[in-house]
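What follows is a single chain, given as structure tokens, in the form predicted on its own.
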């Protein structure tokens, strides 16, 4: 009887060991083989949050990839440290959306020179030491916004411009493009401009100051939708929202996105600026698999106004 019990126990023990070994083997085969490091300049903006989600969603399709996202919280020094950490970790691909161009150029170049493929996403650096840049044409978007502003104003009016972070390339290009778009209309004047750092609360604060200073404001051009919506809310609180037009950039879907703001009458127009999150992971996959990638990938844009906003909401 004791002998039978001993045999049964040995069989059970052998089975348990076999199952454990199978589980370990399965765990090893499903573990990520490659690490993609993404240095996000900040995750506070809705557009940045959408970028993170799109990137994670696309990365989840590739079980062999581990996506690690760091948040620089709008700090150049923290983002430099984040990238330095990715270099030390020897990530297989580095994706970065720089907070500002100049302070991040050197560390991105260092990663590139050390053999790490670098995808620069949305915001540019001041050198060509990267593998590929992905982003929409910000100057073209700004120019389209300027032309539409001229159309809304019938070629004449006073404009408030709310910048994104002034040291970032999208803000510079969106400003330059807008000025190009209104260049043929000498009676359109930008009477006040301030840096809103891409934040809705800053857009509202800037607009509150502008409303106190200027009796006449005909149009507000903000470099993203949250700042434009913040400006609208300030004007609404002052009872002056009907006196002016509001233009933003981003065109995010969802209940708090720019398309919905157009439908709600807060914005007269926004311009689609894709996050590029999915595209970045797809390009990283091309790089890891050894496929050739172009140096620049330009994402498309479109004006979103009351005539088509329902399609984008």
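Please read all numbers here as calculations on a predicted model, not as lab measurements. Numbering follows the first chain given and starts at 1.
What follows is about the form predicted in complex with a small molecule, which we do not show.
> Taking the shortest heavy atom distance, is residue 47 within 4.5 Å of the small molecule in the predicted bound form?
Looking in the predicted bound form, residue contacts with the small molecule include residue 47, since a heavy atom lies within 4.5 Å.
> In the predicted bound form, is there a heavy atom of the small molecule that lies within 4.5 Å of any heavy atom of residue 82, even though the partner is absent here?
Residue 82: no, not in contact with the small molecule in the predicted bound form.
> Can residue 122 be called a contact residue for the small molecule in the predicted bound form at 4.5 Å between heavy atoms?
Yes, residue 122 is a contact residue.
> Answer for residue 170 alone: is it within 4.5 Å of the small molecule in the predicted bound form, judged on heavy atom distances?
Yes, contact at 4.5 Å.
> Just one of 178, 86, 198, 232 has a heavy atom within 4.5 Å of the small molecule in the predicted bound form. Which one?
When the small molecule is considered in the predicted bound form, the option within 4.5 Å is 198.
> Tell me the stretch among 284-292, 254-262, 64-72, 39-47 that has any heavy atom within 4.5 angstroms of the small molecule in the predicted bound form.
The contacting stretch here is 39-47.
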